[in-house]
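In the form predicted on its own, a lone chain appears below as structure tokens.
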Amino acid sequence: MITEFDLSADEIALIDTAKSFAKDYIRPRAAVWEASRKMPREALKEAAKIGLTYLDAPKPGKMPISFAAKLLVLEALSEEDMGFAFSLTNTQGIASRIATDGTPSQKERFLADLQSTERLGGSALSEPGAGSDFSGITTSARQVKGGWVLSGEKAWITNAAEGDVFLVYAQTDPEKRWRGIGSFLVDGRQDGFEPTPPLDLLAGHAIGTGGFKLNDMFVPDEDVVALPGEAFKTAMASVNNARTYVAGMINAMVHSSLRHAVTYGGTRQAFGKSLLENQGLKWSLVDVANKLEASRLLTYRAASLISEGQDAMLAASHAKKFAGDMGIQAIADCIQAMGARGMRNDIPLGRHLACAKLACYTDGSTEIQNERIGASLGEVYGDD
């Protein structure tokens, strides 16, 4: 893997730790996690023990790692199980928000448990009837003395299968659309929080996708994270980071699939020579490698812009769209190159394929990326 990121010695060591953990701990267990269709809580705790849950909100005396370094950590984990990596980074996101902007009370109540993964969390935007149309959410927030009362249902939420600390987006005034949306830190151990059954998906159960209902749940004023009008802007600002992470995770799954296909093709003999000596198969894998390198460049360009504090909206959309379109076909081609063996559950290609498809809906569907890129066509490519 070639990158041009300027990484510190501590960041390089952390990336190496993630690679070793992925190879030695995740690889022999990921198929079992998928078969059980449950979140691997013990694995998350093991990741916490070696420092992989302190990326955004480091331990006292440690510096936060760069965006690029975190991206490479998540890529390393996604080589073996994207679901695990995605679950990990979503809990981290909430911990980071609390560590950076949270009140002393929030830090005392949540931070240590989130970083140790005793509690899991994430952001709750999507609903049964609202996903890409974020401004169309119907979960309501009604102001009362001392706080707000939240009512509604959230769905397709990472870590909701077992999590109970969520940044919930709710509508305070439907007529204002996005300007009426506020965000609230919700403690699922309080009255009014009702988990719904986890979603039974094609794969990716380590993500813990599920939902919950809020039944007139009271949230005190101190747990208002962003007031109406600001919450939507904050969510849209952070989504560029998330889209870049997702692109990197897809790239990692393609790299893993290519590694398996090349290794198999180089050792499997047929008609007196290795499969990889056949031009047709070799060229099909060349196409995968070529598109993977292009996808990495788009992803790392977005990561560089984010690291430099520049506007990465368009770059992140390009990266996520290209990685999503590329990833599904590339992984399928690697499965084809391995013949029937590519369908076995003891190798990760089938799981990668399903997760790559799931990633096409995560943090903005491919169609949303088309809209974002399309809106810039005149400005970027039109006549002067």
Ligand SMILES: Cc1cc2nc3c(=O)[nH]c(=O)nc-3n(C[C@H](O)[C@H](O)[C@H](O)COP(=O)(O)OP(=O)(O)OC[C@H]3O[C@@H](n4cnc5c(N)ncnc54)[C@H](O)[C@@H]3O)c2cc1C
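A quick note: this is a predicted structure, and the numbers were derived from the prediction, not measured. When you see a residue number, it is the position in the sequence shown, counting from 1.
There is another form of the same protein, the form predicted in complex with the named molecule; it is not shown, and what comes next is about it.
S.K.: Could you work out which of 206, 124, 302, 261 is the residue within 4.5 angstroms of the named molecule in the predicted complex, going by heavy atoms?
M.R.: By the 4.5 Å heavy-atom cutoff, the listed residue in contact is 124.
S.K.: Identify which of 183, 158, 115, 295 has a heavy atom within 4.5 Å of the named molecule in the predicted complex; exactly one of them does.
M.R.: Flagged contact: 158.
S.K.: I'd like to check something about residue 365: if you look in the predicted complex, is any of its heavy atoms closer than or equal to 4.5 Å to a heavy atom of the named molecule?
M.R.: Yes, residue 365 sits close enough to the named molecule in the predicted complex that at least one of its heavy atoms falls within 4.5 Å.
S.K.: Can you tell me if residue 89 lies within 4.5 angstroms of the named molecule in the predicted complex, counting non-hydrogen atoms only?
M.R.: Contact check for residue 89: no, nothing within 4.5 Å of the named molecule in the predicted complex.
S.K.: Against the named molecule in the predicted complex, would residue 358 count as a contact residue? Criterion: heavy atoms within 4.5 Å.
M.R.: Looking in the predicted complex, residue contacts with the named molecule include residue 358, since a heavy atom lies within 4.5 Å.
S.K.: Hey, of 270-278, 116-124, 215-223, 310-318, which bit sits against the named molecule in the predicted complex at 4.5 Å between non-hydrogen atoms?
M.R.: Selected range: 116-124.
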